[in-house]
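Here you get one chain, nothing else, as structure tokens; it is the form predicted alone.
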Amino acid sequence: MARALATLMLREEVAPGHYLLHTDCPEVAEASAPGQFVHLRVGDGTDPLLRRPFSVMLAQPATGEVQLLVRAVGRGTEIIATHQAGTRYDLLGPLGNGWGAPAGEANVLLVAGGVGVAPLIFLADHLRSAHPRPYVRALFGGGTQDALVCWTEFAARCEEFTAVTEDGSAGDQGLVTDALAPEIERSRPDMVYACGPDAMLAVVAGICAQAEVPCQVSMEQWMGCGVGACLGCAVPATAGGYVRVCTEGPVFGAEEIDWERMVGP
């Protein structure tokens, strides 16, 4: 477990209630792999007491920049949303296990829901520089156009990109999972990578299992410690018992998670 200090260089509101933090943190930028996360201390005091986990959206070792995508949904993240340039952050990270890279000139499909786009942007950026370079397709879903956070950054890193919104305000209308089975049938991927709400991931896992397509998922869970001690992020495993998202994950093979116990039948 590494501890680092990051300096906020710029805070952008990239969609209503969504903020992109551009931080200077050379240690994390150098060490981060796609799919890993940092555990950020909100302030210097004890209120809020607990750190907040954020996926690394981009890491640039050459400049030392680390980008984090924050959705303001509670006291801690709402405080972060007010921070100005120059704010110093105490970070733990990078933490957790990242995405498993495909072999060779693979055909990969990325499936994102809402802020689940963050670790997939990092993955797409990494794949874009790989040699041989995989062929990257993406599906990005949200309730409305505003929920397609940083979609231009995501699309720019993919050979094919499809947006899906529940209200039809952008792209195709429906759920992102509605588009998955036809996309697999159109061109069978060698690997599906997905991040988003648990209910979305459960459907993605089921579709991939039925199509016999390998799938990796990144889980979004509440975390108290980020290092495996508190068990606050434990999720049910198919092998029995539980696995900790902060240490065994956040990326898992979709078959490792007991989705029925996770979200119900």
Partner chain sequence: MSAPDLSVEIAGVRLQNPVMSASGTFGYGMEYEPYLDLSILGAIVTKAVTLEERLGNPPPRVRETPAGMLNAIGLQNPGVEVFIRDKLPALRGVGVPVIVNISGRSVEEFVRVAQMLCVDGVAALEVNVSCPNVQEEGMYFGVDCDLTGRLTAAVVDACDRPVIVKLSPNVTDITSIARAAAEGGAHALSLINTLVGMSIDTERRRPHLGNVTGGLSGPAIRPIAVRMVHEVARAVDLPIIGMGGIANARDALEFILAGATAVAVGTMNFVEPSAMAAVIDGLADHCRRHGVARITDLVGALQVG
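Quick caveat, the model's predicted, so the values are computed rather than measured. Positions refer to the first chain, counted from 1.
A second form of this protein, the form predicted in complex with the partner chain, is not displayed here; the remarks below concern that form.
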item: Complete contact of 31, 38 and 197 with the partner chain in the predicted complex (any heavy atom, 4.5 Å); value: no
item: is_contact(residue 62, the partner chain) in the predicted complex, heavy atom dist at most 4.5 Å; value: no
item: Distance check, residue 16 to the partner chain in the predicted complex, heavy atom within 4.5 Å; value: no
item: Any non-hydrogen atom of residue 223 within 4.5 angstroms of the partner chain in the predicted complex; value: yes
item: Distance check, residue 213 to the partner chain in the predicted complex, heavy atom within 4.5 Å; value: no
item: Proximity to the partner chain in the predicted complex (heavy atom, within 4.5 Å), stretch among 91-99, 175-183, 155-163, 118-126; value: 91-99
item: Residues from 31-53 in contact with the partner chain (non-hydrogen atom within 4.5 Å) in the predicted complex; value: 41, 46, 48, 49, 50, 51, 52
